[in-house]
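Consider the single chain below, provided in structure tokens and representing the form predicted alone.
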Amino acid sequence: MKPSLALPALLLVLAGPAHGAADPETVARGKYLAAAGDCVACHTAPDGRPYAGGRAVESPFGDIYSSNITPDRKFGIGDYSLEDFSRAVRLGVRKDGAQLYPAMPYPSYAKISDADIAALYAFFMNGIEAVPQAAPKTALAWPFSMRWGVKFWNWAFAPEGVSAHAEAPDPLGRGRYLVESLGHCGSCHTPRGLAFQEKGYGADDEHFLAGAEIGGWPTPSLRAGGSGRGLPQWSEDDIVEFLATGRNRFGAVVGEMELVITHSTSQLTEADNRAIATFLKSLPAHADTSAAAPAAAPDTAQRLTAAKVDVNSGERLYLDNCNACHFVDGKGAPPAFPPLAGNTLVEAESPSGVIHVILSGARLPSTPRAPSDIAMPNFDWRLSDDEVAKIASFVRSSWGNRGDAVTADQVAKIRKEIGKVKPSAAPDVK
């Protein structure tokens, strides 16, 4: 069944009137749930005011701009009733009846419970500042500019109904609810079909969280059960540490996930992050990622420490540019300097992520549990396309890693894309 639109009268009382007094506990809970949903990351433009919209979300059909969701009555959602808010969040329908594009993850938010919708409403109406500012209008080319067509997409692909695990008392159920609904993890980590729909929207589908690519970055499979490469090697404690700090003994956060760590998972309770970890560990690894890791090649460190290394080789370039932090054994010094041996980004099928990092550098987020924001410098000014390709090829094939070689043409393409990329940082909102 579809999410309830005629919400119980009790929830209207809990939510409180827009711009008026509201139960402080409900507003505080709504703030926490908004963090779990990572709302600020998408609804805040670079250097913009929180929740005022205007961030461009790239899609195959053009840029889709996020809307102003502050309680401003003209430019935001200040005149939305609780029912209007519920329809927008869970069904993707604006107050004026127009369809939202599924860049807004309403197929996942459809699973949010009535009580959580009411708390979110209370927060957005009473817990943030109204910003009288219009967000840029999305103007996709025809026929994608015809929003009514999204109704057919919804009919074919959008899931229905509130999650059966919304009130689950056990960690496994709680984790499933957070991941499948508010966390909308599948938006980035589930492969897409021909109509750009997620191939699975829940744990019952083997494609769910099986890994994908977004914005030129490979996103790893989050199916962490069983044994094998990638997240199956991580313990629950490793996952909890990563969600809270953006780093652990296996790697460090890069790309869009940095925003998720900064504004969402680092703000959650340890119990909720552990529930997420419990759920991810319950998902059996996808067939093509479950192969056991090969033994690390014993001669890699020896080769790097040999008296003679070809000056034009990937080994020499690695020693000159990477060895100081990641060392000859590729193990780094986690959590400050992540290991390259067995690193999911390094070994990803697509080398785009590791190329991005070499060219642009990376910075660890500052979080309550790990306030230091250690940075890796960018090397785009220092290394040619061919040199970057040699380093990337070396790290993807050393210490037991089994990634394919990288070409200078692949590096040149990403270097060009980086020149066009829009800033993605959103302001820190606590």
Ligand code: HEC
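Quick note: we count residues from 1 along the sequence shown, nothing fancier. What you are looking at is a predicted structure, and each value in this text was computed from that prediction instead of being measured.
This protein has a second form, the form predicted together with the named molecule, left out of what is shown; the following refers to that one.
> Would residue 397 count as a contact of the named molecule in the predicted bound form, using a 4.5 angstroms cut-off between non-hydrogen atoms?
Replying inline: Residue-level check for residue 397: no, no contact with the named molecule.
>> Test of understanding: in the predicted bound form, would residue 374 fall inside 4.5 Å of the named molecule by heavy atoms?
In response: Yes, residue 374 is a contact residue.
>> in the predicted bound form, is there a heavy atom of the named molecule that lies within 4.5 Å of any heavy atom of residue 326, even though the partner is absent here?
In response: Heavy-atom contact with the named molecule at 4.5 Å: present for residue 326.
> Is residue 330 close to the named molecule in the predicted bound form, meaning a heavy atom pair under 4.5 Å apart or at it?
Replying inline: It does not: once the named molecule is placed as it appears in the predicted bound form, residue 330 has no heavy atom within 4.5 Å of it.
>> So if I measure heavy atom distances to the named molecule in the predicted bound form, which of the stretches 199-207, 317-325, 152-160, 165-173 falls within 4.5 Å?
In response: The contacting stretch is 317-325.
> Of 82, 110, 88, 283, which residue is found within 4.5 angstroms of the named molecule in the predicted bound form when only non-hydrogen atoms are counted?
Replying inline: By the 4.5 Å criterion, the partner-contacting residue is 88.
> Of the options 222, 341, 128, 131, which one has a non-hydrogen atom that comes within 4.5 Å of the named molecule in the predicted bound form?
Replying inline: When the named molecule is considered in the predicted bound form, the option within 4.5 Å is 222.
> Each of 65, 183 and 345 near the named molecule in the predicted bound form, meaning some heavy atom within 4.5 Å?
Replying inline: Per the other structure, all of 65, 183 and 345 touch the named molecule.
> Though the partner is not shown here, which residues of 248-263 have a heavy atom within 4.5 Å of the named molecule in the predicted bound form?
Replying inline: Residues within 4.5 Å: 251, 252, 253, 254, 256, 257, 260.
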